[in-house]
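Given as structure tokens, the chain that follows is alone and in the form predicted alone.
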């Protein structure tokens, strides 16, 4: 018996060595030489490919529990398909994570007493680049530590030269095809970070604020934002509202308002909710998306009230220069003094749009930006899903995907940050016209003849990430693209069903005419032991690398998978991980017992020599493996892992091995040899089928029971 088995299993001395062996072997690459897999007579899946593109982790910090989950899930899929004989390609990557990384670096600058607003753009970019490259090394080392059997020779970074060039080329192509335009539209503005955000980069936070009712001529209007009302000169009501039938569209009414008398114009529009408040409202087209749409429909004036730093403009008169929070009570006080305040509801609960990173209240602003026309692109995505070209796991995410595509808005892809892929365009300050310029040759505006300057904005990160499946496979001319696209599975978090997944589908269809993947597997959030979302502020973050150093990465992987069906959030408790460390030790001890108690009996796989009892045990195991294989094929990894756990511990260890002790000590040579052969056979099948879930432990044991043989990573999946 191998002397290693006489000692307890120690993952700290095993995992790094095993991973280095795998990586040096070249078996992470689909082209690797595997004799049985390269022979159509021995490989039923000869010539088939299986491809996953890794959702690139942010290169700005360490992995969190969610990263460990998706790496584990994708590694399980890849190892399983590799053992089935597929040419399995899993492409790793790293994300520059534009806005998020810049925020991380801004916090670093704050601690140093510096600000990005006082820096030259190039200097800031260079600093963030160096910072990101350093953290990228740590992140990639942690991906390896989880056991990712991805092809590092194909790794891509979202700021690789070819990625930048192809992303910019797509922008130009979309502009030429009429799918990208520059327009003055309402956008989401973060006053803290001084950039626009797309809708998916904002969140809604419930707030309790006062709701004010003001007298506006003959009407009563309600608002939670009196600071926006200085420019309100349109009063809007539903054309079918009988309460206001005496007023006609376009009618003008003189009335007293915040800073004196004004003339208001009546607008009739069906966007008004007759059941909300008094059924009549004034509009501020510059600072509200609904109001902006009404103004667009009726060709109304739009005037800014609040600047991009969140301060009131001169139109606010005596309140000019004040921040919103400071100005609001003073404005209400003035309206009350003029007898225009009717009442205040102090307990108004409503959802306020905030920046998803800093929770600063979003200030809608009208700004010239680059937009993608989403409706024609979304239509193709809807068609592909309705034709069942893409499968969602779980299936309810199909409806969510379709909802977002059916209700999509034009996508603002401009960001006022330096960290990211620059928008290759020239802007005319005289007329605000914009033109893509990949070669940097345009100097004069084609519209007004004015001088053109380089656009200083960068792309929304999702613009490049949306093209990720094509970019990493070398679209359009790459051999990998021809071989491995469309990919098989996109495994990602369920929160990205409306952020990343739709963009990959629309870009795949637009650029290649193909879906980018056949299956979307959604995993849930990994919460703490009490089921609460992990956050640094709560102090409940579980660091996957730290917990794995304590219990072993295989134990963490099992803890992440078992009890975690697709699409569901899961709780990660340390006791759970500890339990699977005990399971790893149990597998180790099972292996030791089998080798010790059958020493001198060579395993020859001669099933015909099995006794009827062992034939029955073999059939039981065969039935289990058929069941587990079905689970694996249908993405029920949580069930497959749980069944293997129960068979190995409760059936094989607790019952079969206990029953075997007397047989192996008995005088019946036939029964003894048969049981020894079965135990060797069962151990090999268990190690093979556990390998995708617990790769380090199983590879170590495989090398012990098969000294000088091939690595377990390329052994065929058990099929009986």
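Numbering follows the first chain given and starts at 1. Since this is a predicted model, take the numbers as computed values, not measurements.
Keep in mind that the form predicted in complex with the RNA is missing from the display, and what follows is about it.
Note that among 458 to 466, 412 to 420, 435 to 443, 276 to 284, the stretch whose heavy atoms approach the RNA to within 4.5 Å in the predicted bound form is 276 to 284.
The closest non-hydrogen atom of residue 156 lies beyond 4.5 Å of the RNA in the predicted bound form. Taking the partner from elsewhere, residue 363 is found to have every heavy atom lying beyond 4.5 Å of the RNA in the predicted bound form.
Taking non-hydrogen atoms only, residue 636 approaches the RNA to within 4.5 angstroms in the predicted bound form. At a distance threshold of 4.5 angstroms between non-hydrogen atoms, residue 299 is out of contact with the RNA in the predicted bound form. With the partner omitted here, the residue from 568, 540, 169, 519 that has a non-hydrogen atom within 4.5 angstroms of the RNA in the predicted bound form is 568.
Scanning 324, 272, 378, 186 against the RNA in the predicted bound form with a 4.5 Å heavy atom cut-off leaves one residue, 272.
Of the residues in 642 to 663, those that come within 4.5 Å of the RNA in the predicted bound form through at least one heavy atom are, in sequence order, 642, 643, 645, 649, 650, 653, 654, 657, 658, 661.
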